[in-house]
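Just the one chain here, laid out as structure tokens, in the form predicted alone.
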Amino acid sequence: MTFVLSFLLRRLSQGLVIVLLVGFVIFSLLRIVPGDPVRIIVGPMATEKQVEEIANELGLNDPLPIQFGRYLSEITEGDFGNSFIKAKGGNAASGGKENAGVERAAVLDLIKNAIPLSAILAGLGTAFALMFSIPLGIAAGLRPNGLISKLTFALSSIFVSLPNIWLAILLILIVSTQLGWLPAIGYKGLSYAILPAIVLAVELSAVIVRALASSVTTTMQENFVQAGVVRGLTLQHMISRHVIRNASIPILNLFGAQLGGLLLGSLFIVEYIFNYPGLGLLTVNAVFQRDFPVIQGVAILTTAALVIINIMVDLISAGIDRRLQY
């Protein structure tokens, strides 16, 4: 219990620093890169006076440290600001006088609406990847020089080389357009998430299967495996109860360190290709529209999510292997 408390305090304090640094970098870069979000809000026909008034109203003319300090104080109250572009009903609310009185959507509401759909897609993609990777990875790891191992590594090499944009377009053309088996664009039910989940699974499985095979091979060479067999335990028992358990630790660490970011990054691309209304599509559209509050809110919340994932992974790993607590 003491280990858990000290570990959580240390990692949460480190995570808070990381979130603040990422937030400040994103906040600063958005205001340095060319382009004026105020012009997008008021429309191309607005006068310079109107542009200046809106900029002052939004606080965009204040010094950067003041803007960031104000933003942090609002976040502590649960307010991530309002979108520059989207109205409260979800439609666009930019472009001039006719939209001057439109109530703009809260960033937190936009993110809350998008997260469940992205969670469905990420969950399906991870499930598909694990269904493919676990049996092949274990089989390849148990016989590292066998035929299954060679075929598995060849297949993973093909998977990791496939651009997800190309694969997504190919699946849309064949599975959706020509065969009509599954819908591809938008989201009106779980079936709309299957094709984009397959694209995610192909990229994830290539990484998982190699890491798992390598981990199983390394674990099989540990002394405790031979000691268990000498003491009368069957090899099948050692594999099912001990080898796979210990081989899972590097996979958990890989998930925390790499797969979480890989999955999140792939979500942005895949959701945009399939016009899937999740967090990725929301973010990509916000980047194109220079919707500062949405980009900042997504960046801070996703960074916090990755920090929490890493903390949970480390705790689970320490629970599996007690040696990691020392």
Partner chain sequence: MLKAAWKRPQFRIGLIIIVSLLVLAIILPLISSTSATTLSIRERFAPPIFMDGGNLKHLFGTDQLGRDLLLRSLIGLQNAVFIGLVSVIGMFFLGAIIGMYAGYKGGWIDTILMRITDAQMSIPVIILAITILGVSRPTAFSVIVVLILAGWPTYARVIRSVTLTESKKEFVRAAKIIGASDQRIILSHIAPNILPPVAFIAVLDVARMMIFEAIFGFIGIGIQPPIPTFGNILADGTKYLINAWWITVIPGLFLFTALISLNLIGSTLESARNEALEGREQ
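Residue numbers count along the first chain shown, from 1. From a predicted model like this one, the values you see are computed outputs, not experimental measurements.
Unshown form predicted in complex with its partner chain; subsequent notes refer to it.
Is it the case in the predicted complex that 6, 194 and 245 each bring at least one heavy atom within 4.5 Å of its partner chain? Zero of three within 4.5 Å in the predicted complex.
The unique member of 113, 157, 73, 240 whose heavy atoms fall within 4.5 Å of its partner chain in the predicted complex: For this set of options, the contacting one is 157.
Would you mind picking out the stretch of 130 to 138, 166 to 174, 223 to 231, 104 to 112 that comes within 4.5 angstroms of its partner chain in the predicted complex, counting non-hydrogen atoms? Within 4.5 Å of the partner lies stretch 166 to 174.
Contact between residue 161 and its partner chain in the predicted complex at 4.5 Å, heavy atoms? Contact with its partner chain, yes.
How about residue 265: is it within 4.5 Å of its partner chain in the predicted complex, going by heavy atoms? Yes, residue 265 is a contact residue.
I'd like to check something about residue 60: if you look in the predicted complex, is any of its heavy atoms closer than or equal to 4.5 Å to a heavy atom of its partner chain? Result no; residue 60 lies far from its partner chain in the predicted complex.
Can residue 42 be called a contact residue for its partner chain in the predicted complex at 4.5 Å between heavy atoms? Residue 42 lies outside the contact set for its partner chain.
Out of 5 to 28, which residues reach within 4.5 Å of its partner chain in the predicted complex, heavy atoms considered? Counting only heavy atoms within 4.5 Å of its partner chain in the predicted complex, the contacting residues of 5 to 28 are 14, 18, 21, 22, 26.
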